[in-house]
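The chain below stands alone, shown as structure tokens; this is the form predicted on its own.
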């Protein structure tokens, strides 16, 4: 069975049970939407009128915040149930949000050089080829545009269990091919979803090969010294589960743009 229907079903279930990933933007968050979205200072001071793509980002949070900040927002997700939350919340707040149900590696419904900002939460682990996602993002993004993405680190996905000494075991090969097998450690895995490991050369080198320059890279801290053994924040003391990347779309030979066309926020 293809990973697409499996992952759609997995995220539809998460939406139906209102998991932690389906908490819509609050009134307080919407009063300072850019501060909520961007604790690192990566976004421009204003996104008023900017074309923003919230990629693989259904759930009624990110799209609502960008729309509250005055951006023209398109939200893409594979899960129709997650997108319903965006649609419902936008209607409730009187906001305009375009909804598109598709896979993150197939943006054929969107035109070239359309977006100033693409913002993508953790999601590339659900497709086998991360560079296919980058290729599509590169195509729909304007030169000089900002691409913010977050990914599961390969080492985190290699952990399968804890041994008798409560040491976290890297049980999967780095050059893992195909979907990840199930393991005892599910700290940073979603139930029922099909996931793939992407190596660093794919996560970062793939960005560069598709016409992006990496401007910053952060590892969000998920560690807590007081967390009990087995808790995801205990595991976070030993392995960084996520990486967050700020990249800029520059001239790409395949698109034939000149440096003079680059937009600077």
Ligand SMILES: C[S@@+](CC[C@H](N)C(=O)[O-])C[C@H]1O[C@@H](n2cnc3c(N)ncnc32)[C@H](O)[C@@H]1O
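Positions refer to the first chain, counted from 1. All values derive from a computational prediction rather than experimental measurement.
This next part talks about the form predicted together with the named molecule, which is not shown.
Chemist: Would you mind picking the one in 113, 103, 84, 160 that has a heavy atom within 4.5 Å of the named molecule in the predicted complex?
Modeler: The residue in contact is 103.
Chemist: Can you pick the one in 90, 71, 137, 78 that has a heavy atom within 4.5 Å of the named molecule in the predicted complex?
Modeler: Selected option: 78.
Chemist: Quick one: 155, 168 and 188 and the named molecule in the predicted complex, is every residue within 4.5 Å by at least one heavy atom?
Modeler: Checked in the predicted complex: no contact with the named molecule for any of the three.
Chemist: So, in the predicted complex, is residue 122 in contact with the named molecule at a 4.5 angstroms heavy atom limit?
Modeler: Contact check for residue 122: yes, within 4.5 Å of the named molecule in the predicted complex.
Chemist: Whether residue 210 contacts the named molecule in the predicted complex should be assessed with a 4.5 Å heavy atom distance threshold; does it?
Modeler: No, residue 210 stays farther than 4.5 Å from the named molecule in the predicted complex.
Chemist: Do residue 147 and the named molecule share at least one heavy atom pair within 4.5 Å in the predicted complex?
Modeler: Heavy-atom contact with the named molecule at 4.5 Å: absent for residue 147.
Chemist: I'd like to know if residue 127 sits close to the named molecule in the predicted complex, meaning any non-hydrogen atom pair within 4.5 angstroms.
Modeler: Residue 127: yes, in contact with the named molecule in the predicted complex.
Chemist: If contact means any heavy atom within 4.5 Å, which of 25-33, 212-220, 229-237, 54-62 contacts the named molecule in the predicted complex?
Modeler: Selected range: 54-62.
Chemist: Quick one: name the residues from 11-44 with any non-hydrogen atom within 4.5 angstroms of the named molecule in the predicted complex.
Modeler: Sequence-ordered list: 11, 21.
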